[in-house]
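Next up is one chain by itself, shown in structure tokens, the form predicted on its own.
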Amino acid sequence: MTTIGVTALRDSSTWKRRGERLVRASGNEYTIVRPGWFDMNDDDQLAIAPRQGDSHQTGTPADGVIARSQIARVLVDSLTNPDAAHKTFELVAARGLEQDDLRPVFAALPADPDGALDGPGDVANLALEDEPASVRADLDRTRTQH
């Protein structure tokens, strides 16, 4: 789990994004969840509505909101749901009822491309060649270990 807006070029976001890249490069099973603002839902915002591309970056709840209980549910469900494997998404809630089954929600999301450093639709604003040598070395070590 990282955060919505992780592809914005801020110091804290850049390190979270680097962490995501290491997870993708590891060759392990993963799901990267980028939740919106915790517990700022309206009473009728119960539907789990993931997005991809990290295009909402105001740094405010306008980027998307999600209840902690929904975050927990998605994180736990993603551990055993094969439709969540190798996917990166922003987790927000929409108006409507919460789904009984998250399989169709996960299945509708495109998987991260093989060998990609970033998630589907993420802006290409953190070029590998511009990363510090230590970051590039960490990625190289991680890739060769699998």
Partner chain sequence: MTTWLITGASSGLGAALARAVLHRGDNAVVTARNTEHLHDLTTAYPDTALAVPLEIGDHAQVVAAVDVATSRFGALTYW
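Numbering follows the first chain given and starts at 1. These numbers were taken from a predicted model, which means no experiment stands behind them.
One more form of this protein exists, namely the form predicted in complex with its partner chain; it is left out here, but the text below deals with it.
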Notebook entry, point to check: If you check in the predicted bound form, is residue 103 within 4.5 Å of its partner chain, heavy atoms only?
Noted result: no
Next item on the list: Examine residue 62 and determine whether its closest non-hydrogen atom to its partner chain in the predicted bound form is within 4.5 angstroms.
Entry: no
Margin query: Given that its partner chain is not shown alongside this chain, does residue 68 nevertheless sit within 4.5 Å of it in the predicted bound form, heavy atom to heavy atom?
Written below: yes
Next item on the list: Tell me, yes or no, whether residue 77 is in contact with its partner chain in the predicted bound form, where a contact means a heavy atom of each within 4.5 Å.
Entry: yes
Check: Among 26-34, 44-52, 103-111, 77-85, which stretch has residues whose heavy atoms lie within 4.5 Å of its partner chain in the predicted bound form?
Finding: 77-85
Item checked: in the predicted bound form, residues of 1-35 near its partner chain [heavy atom within 4.5 Å] -> 1
